[in-house]
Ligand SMILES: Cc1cc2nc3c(=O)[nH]c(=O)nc-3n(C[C@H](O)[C@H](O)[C@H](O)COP(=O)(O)O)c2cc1C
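Here's a solo chain for you in structure tokens, the form predicted alone.
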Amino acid sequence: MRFRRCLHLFLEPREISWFDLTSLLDGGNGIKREQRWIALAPHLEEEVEVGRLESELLGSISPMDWTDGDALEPVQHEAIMRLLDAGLLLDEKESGVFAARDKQMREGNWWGPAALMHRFGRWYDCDSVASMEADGLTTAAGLCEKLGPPPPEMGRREDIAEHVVLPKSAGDFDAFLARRATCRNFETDRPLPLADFSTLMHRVFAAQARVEADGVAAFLKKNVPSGGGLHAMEAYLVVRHVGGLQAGLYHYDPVRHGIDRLAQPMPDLDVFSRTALAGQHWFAEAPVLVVLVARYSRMYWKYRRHSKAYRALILDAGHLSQLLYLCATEAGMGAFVTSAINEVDIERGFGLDPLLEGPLAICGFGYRASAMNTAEFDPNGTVWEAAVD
């Protein structure tokens, strides 16, 4: 038997603590602690607890060269078998799920720490709103009571030589920017006109030009910047209430400016939208949700195992969401963006392989409701004038 270690592996010494009555009765503090080793491998869905011998073996086995297991001592052989069963080691002849996922990691050119953060930072079936309500963290007063006062709203330097007051701008564009605000109250009684939906999709997500380089690669020109000019962000849609369109799950084609309805079994869109948004029901009522999905192979083709590539993808999501805000504002609509999402539920709903492509954020847009039932941040009363005394 020959085997090797999975490509990306991180070992965390984690302290586990629990209440111990014996310790308390003996005059201690009632807390017992134990150090454990936790293996975190991005090609796996869950972390794996390993013993001391197993952690030592993992640290000594190459992820590239195959190790011959015939000369192992019996105690090592048992540990090797446990690691093979967990997917942390791969048998040379194995062709199962673990080997396939590790192969994807090897061919995907991930930078290891980014792969770790991406894989283990994903949520599943999390209701962030219910959690915040249960912890009393839905208001500024509740946050300060539970967490103490926040750091100052801006950073100040003490080592300054001079403070220069700059003139403020006050043109029409500034007034337009002032109308940009996150919408938490969407009109639900009438569908969004297809023409308005199409205009926003074209301005924000469409390719304005397609250029072929030497006949071997194609690049798109969009209305937002993108790391390396790669535009590796895809737009997946939950169309809920658009005139002339069947409600369902779609993928946007930026070159042909069209949408493809997916053959995935369509879930209950009310339930799916709220689940995808981790319980943020005020966003789930938007007539259109746009899931910003990173296509990792496109980005990592150029930036292979690069420490900044994943960060560039996150910046791409920010560029798109801000343009969506501005285009929606210009069209008299509201928009939002959130990264508090259940990635695993979204991946399953759209049929995405999380090692190849995955959601980073959800945007949405539509016409504002006539009344503000959910609080919005509009301190200058630019959007909700009636809310200002």
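This structure is a prediction, so every number in the text was calculated from the model and none was measured. Residue positions are given as counts along the sequence shown, with the first one as 1.
Not on display, but discussed next: the form predicted in complex with the named molecule.
*Asks:* The named molecule isn't shown here, but in the model of the complex, which of 351-359, 333-341, 24-32, 58-66 has heavy atoms within 4.5 Å of it?
*Replies:* Of the options, only 333-341 has residues within 4.5 Å of the partner.
*Asks:* The named molecule in the model of the complex: within 4.5 Å of a heavy atom of each of R180, W282 and F377?
*Replies:* Affirmative, all three are within 4.5 Å.
*Asks:* Using 4.5 Å between non-hydrogen atoms, is R184 touching the named molecule in the model of the complex?
*Replies:* It does: once the named molecule is placed as it appears in the model of the complex, R184 has a heavy atom within 4.5 Å of it.
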